[in-house]
Structures are given as structure tokens and as C-alpha cells.
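Given as C-alpha cells, the chain that follows is alone and in the form predicted on its own.
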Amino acid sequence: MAANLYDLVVSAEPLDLDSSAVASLADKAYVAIRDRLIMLDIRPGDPIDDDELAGDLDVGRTPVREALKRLEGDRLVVSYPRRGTFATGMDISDLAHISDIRAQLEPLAARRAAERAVRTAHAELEDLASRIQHLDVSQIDRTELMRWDLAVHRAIYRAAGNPHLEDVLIRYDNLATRIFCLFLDRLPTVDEHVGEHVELLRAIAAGDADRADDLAREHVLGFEQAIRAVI
């Protein structure tokens, strides 16, 4: 887990929580644009301006175009011949499809993290749980709470020790977070949703795989139920 995890989570930095992954200008552009798409700084359906992004990120157009190709594979942008590239739209049917996948794979990641993570990773997860437990949610805006949510999921995926599972879950967690952000102002229990991570992280840190599996599944299903309640 990146040493500067917590500083990164509560800042305006891009959401890639492992700085070692940002190894090139294309990687830098990918992470920064992905951040904007996930947190809805670029809204669903918005056109993507290559030149504007290149200027904002202080990179050339080539890294931006490479990043956009990757983001199209992530289903965060879509390109049309002669029309350009746009942030992918969102349909409520996406919620069921994404939740269906996450309800199977998030518990698996939590279980594997509890079973396989090295002792130092368990200690870091316990530390993350303590930090979340002591957050003053009255002083943190909801966007920042979502960054904590992302940080928890990334930490669990890494601790599971399966890079293929991690890649798949990051992709679907990004899509789920995008939906969450769309309804963020209408959800009354965002702080409770983030707070659920405390018990989950502690179950993993304690090596309680069955409990971690159950809590992860409840968390994903609770997310879907919370969204449906405000639609």
C-alpha cells in the first residue's frame, strides 16, 4: 500500500492510490482524466476536448489521446467517428449490471485479503479503519468522503494479492462510484456507507475471512438499495 495513502485520499490529487503506477505522461493523463470522470467533474455525455485537457494537465495531445483510448476500454468514455469523444452516459440499468458483478467479486477480494495478506498489510488496513472511524464527517464534504470510499476499496483489492481481480474490481468500482456521485446530494446516508468500511477492514485485518466476505456483500447490496431508494 502506498505510504502516502491518507494524504492522497484527502487531497485533490488524482485517485490512483499507488503513485508508482504513474510512470509516464500517458499514465498521468489517464489517472487525472479518470478522476474527473469518476467524480463527475466531467459529466455524463459531456464532450471531451483533447486540447483543453492537454493544457490543463500540462501534457501533449498524444498522452491525452492514449489515455482516452484506455478510458474507452474502461467504459468511461465513448468515441464516435466524425463526432469526437464523450463521457459515457449513464442508465439506471447499469446499476443492476455493475452490482451483480461486484456482489460476486467484492466478497472474494475481501476473503482473499483476510486469508492471504501479509501481516504489514493487515496492520495498514487496521490503521485505515481507525482513521475512518475518527473522521469528523461534519467537517468533510461528500466528495471527500467518496475519496475515502475509493481508498478503502483500493486497499482491499491490493491486499487480496490477485492483480487480475484487482484490475476488474477497480474498473467496476469506478463505474459504481460514478453512479454514486450522480445521486450524492440526494443520499442521506453517505457517511454511514463510508463508515461501514470500519467493520469490514477490521474483519480482514483480523483474518476473519467469512465475516469479511459477508460484510463486503452486504456493503455492495446496500449501495444498490440506497441508490434505488432515491431514484
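Residue positions are given as counts along the sequence shown, with the first one as 1. Just so you know, these numbers come straight off a predicted model, no measurement behind them.
Keep in mind that the form predicted in complex with the DNA is not shown, yet the notes after this line are about it.
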Among 59, 169, 31, 205, which has at least one heavy atom within 4.5 Å of the DNA in the predicted complex?
59
Partner-proximal stretch of 36 to 44, 161 to 169, 66 to 74, 194 to 202 relative to the DNA in the predicted complex, 4.5 angstroms, heavy atom:
66 to 74
May I ask you to check whether residue 25 falls inside a 4.5 Å heavy atom distance of the DNA in the predicted complex?
yes
Contact flag, residue 83 vs the DNA in the predicted complex, heavy atom cut 4.5 Å:
yes
